[in-house]
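We begin with a single chain expressed as structure tokens, specifically the form predicted alone.
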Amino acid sequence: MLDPISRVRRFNRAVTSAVGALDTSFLGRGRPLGAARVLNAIGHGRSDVADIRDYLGLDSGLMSRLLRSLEEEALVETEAHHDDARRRVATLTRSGRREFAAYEALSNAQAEGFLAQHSQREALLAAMDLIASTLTRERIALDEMDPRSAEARHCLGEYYAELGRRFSQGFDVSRSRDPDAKDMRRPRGTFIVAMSDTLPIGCVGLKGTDHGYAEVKRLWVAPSARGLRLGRRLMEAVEDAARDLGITLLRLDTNSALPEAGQLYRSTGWREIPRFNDDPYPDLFFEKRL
């Protein structure tokens, strides 16, 4: 059997070389990867310098040098935050926006080139998703979103598709007690999406009811993020949101075809109760008092 450490190090060397991390002119635009990444972060809407530094994992000195180099090229401007003079805000100039667009086009072409090298495109993407989720696990953010947002709809679509594959009778969302979006928005409830960089990789909803309890709905974690304790984090977040809304009793339902869900609920203080709804799909019912 090949040494696992050697396999990881081969992967590291391959990625470093393929993406041009050591090039003095990343993607042929005349500056190294570090400066290009700062420009990219600003172009994608990050403006607070401290936030950019944390996002990229840079120390203050290197961040300052990279920003200064971009300012000298007239690609970036920085100024004090209008509410807090101790904070700095960075924005792209007109030239900076053109340079950002050029990097975007080149990066997209590079990504297409990577995918074109392998006949099993989806398998390659799944492997990339698995690695990216693992390497960024400490930076996965749990954000409250409108359940009708594109990110939420993506998660729900993947969730419904998985139920269709795993349930012996399939899954038809029109037959399920699908919660209305208004019941999963404050002040009745909430919807939480797990974001890994720019990609949604998990979700959970809190549905407000008029029956003295709220329901936890639609807990889903992408296959690439399973094993990272993200499901537990999502459940903790939705319980915290319920407390914040003054909700003291939660209920949920699941199906025995999803044994990992039942195991999660039992291990986090939920107790089984009799059926409390007429949804045709669940056969296990749980309750938790906060």
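Bear in mind that the values here come from a model prediction, so they are computed numbers and not experimental data. Between two forms, the rigid core is the largest collection of C-alphas that superpose within 1.5 Å. Sequential numbering from 1, following the sequence displayed.
Beyond the structure shown, there is the form predicted together with another copy of the chain, which is absent from this document and is the topic of what follows.
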Although another copy of the chain is absent from this view, report whether His154 comes within 4.5 Å of it in the model of the complex, heavy atoms only.
-> yes
Although another copy of the chain is absent from this view, report whether Thr190 comes within 4.5 Å of it in the model of the complex, heavy atoms only.
-> no
Is Val89 close to another copy of the chain in the model of the complex, meaning a heavy atom pair under 4.5 Å apart or at it?
-> no
Heavy atom of Phe114 within 4.5 Å of another copy of the chain in the model of the complex | yes
Work out which of Met145, Leu219, Leu130, Leu163 lies within 4.5 Å of another copy of the chain in the model of the complex, going by heavy atoms.
-> Leu130
Would you kindly say which of Gln169, Ser95, Asn108, Thr209 lies with a heavy atom within 4.5 Å of another copy of the chain in the model of the complex?
-> Asn108
Identify whether another copy of the chain in the model of the complex is within 4.5 Å of every residue in the set Arg29, Pro32 and Leu56, based on non-hydrogen atoms.
-> no
Report the stretch among 181-189, 114-122, 71-79, 210-218 that approaches another copy of the chain in the model of the complex to within 4.5 Å, counting heavy atoms only.
-> 114-122
In the model of the complex: members of 8-28 within 4.5 Å of another copy of the chain, any heavy atom = Val8, Arg9, Arg10, Phe11, Asn12, Arg13, Ala14, Val15, Thr16, Ser17, Ala18, Val19, Leu22
Flag for Glu162, CA shift 2 Å or larger between this form and the one not shown after aligning core | no
Thr198 C-alpha relocation of at least 2 Å between this form and the one not shown, rigid core basis | no
Does Arg275 count as moved between this form and the one not shown, where moved means a C-alpha shift of 2 angstroms or more after fitting the rigid core?
-> no
